[in-house]
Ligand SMILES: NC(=O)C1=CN([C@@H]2O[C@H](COP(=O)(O)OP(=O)(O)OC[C@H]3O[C@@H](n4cnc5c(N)ncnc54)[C@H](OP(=O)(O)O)[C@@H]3O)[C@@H](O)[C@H]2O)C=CC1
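Only one chain comes next, encoded as structure tokens, the form predicted alone.
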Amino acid sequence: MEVGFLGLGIMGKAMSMNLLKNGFKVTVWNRTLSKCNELVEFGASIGETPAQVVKKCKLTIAMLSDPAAALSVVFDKDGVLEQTGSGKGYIDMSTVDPETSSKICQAITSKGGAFLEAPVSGSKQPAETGQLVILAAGDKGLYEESIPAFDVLGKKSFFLGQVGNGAKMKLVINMIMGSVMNAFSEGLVLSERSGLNPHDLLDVLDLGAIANPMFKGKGPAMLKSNYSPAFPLKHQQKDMRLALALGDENAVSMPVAAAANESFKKARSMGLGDLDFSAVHEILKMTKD
């Protein structure tokens, strides 16, 4: 099976590498084409434009940074739309708002192509190990056709119905994650400031009802101020903003998420946007009595 892959950031690189290692023929594109070179060593081909990738491949996957990037790759000159037509499938696995997914869907299907949104739950390590959770919505036939690729990329795939539902689910998940990370960071700082050993806190949390992989995986690194990016803070803040907009549309009060968003915005203003989203811990550490 030949697959096109657009976007080789932290997630896209790991995902396309998994496809290559599992026998897929993959043609890759990235805005900075030099990022494709490492994948070529593992057998990938390079498409010089998104249109060239779509022309070559029946199925094309995109994993891009934000709604603007997702729209640009489709609608700009030499974009996806130029070569989309009957028999072509386009899967956008980026985290975007439902409106962006719907706009891309309408454009792809108006030219005879099939569209699926499929954002993922999981960051760098699950992407590297094929343990993502895939949240798909849109064309059911394209979803079923894509199962072999999804089985390589993730541990579980969900089909959630009409386009927009995948985006909504991902935003709700990331809103919860960002809010919990803020509370977790506050707890680490509070434990230390009140004379407790924060490592003891991590051990206690790991044995209790709120034990989870995020606390276990990120807590020790946070205590060492190690924020090597698995999921960049700037993307977490983008997702908080989009989730809050979804809340506005549905008249849902979200004061906890709003406060968490302000913390992530403050962290971005301090130059922490390219670090892991757990770097929000730093702004709380800086808060003095």
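For every residue, the number given is its place in the sequence shown, counted from 1. Keep in mind that what you see is a predicted model, and the values were worked out from it rather than measured.
In what follows, reference is made to the form predicted in complex with the named molecule, a form of this protein that is not presented.
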For this session: Among 53-61, 230-238, 38-46, 254-262, mark the stretch whose residues have heavy atoms within 4.5 Å of the named molecule in the predicted complex.
Result: 230-238
Exercise. Is there a non-hydrogen atom of Thr95 within 4.5 angstroms of a non-hydrogen atom of the named molecule in the predicted complex?
Worked result: yes
Exercise. Should Val73 be classed as touching the named molecule in the predicted complex when contacts are defined as heavy atoms within 4.5 Å?
Worked result: yes
Exercise. Does Val280 make contact with the named molecule in the predicted complex, using a 4.5 Å heavy atom cut-off?
Worked result: no
Exercise. Is there a non-hydrogen atom of Val120 within 4.5 angstroms of a non-hydrogen atom of the named molecule in the predicted complex?
Worked result: yes
Exercise. Can you name the residues of 1-28 that have a non-hydrogen atom within 4.5 angstroms of the named molecule in the predicted complex?
Worked result: Gly7, Leu8, Gly9, Ile10, Met11, Gly12
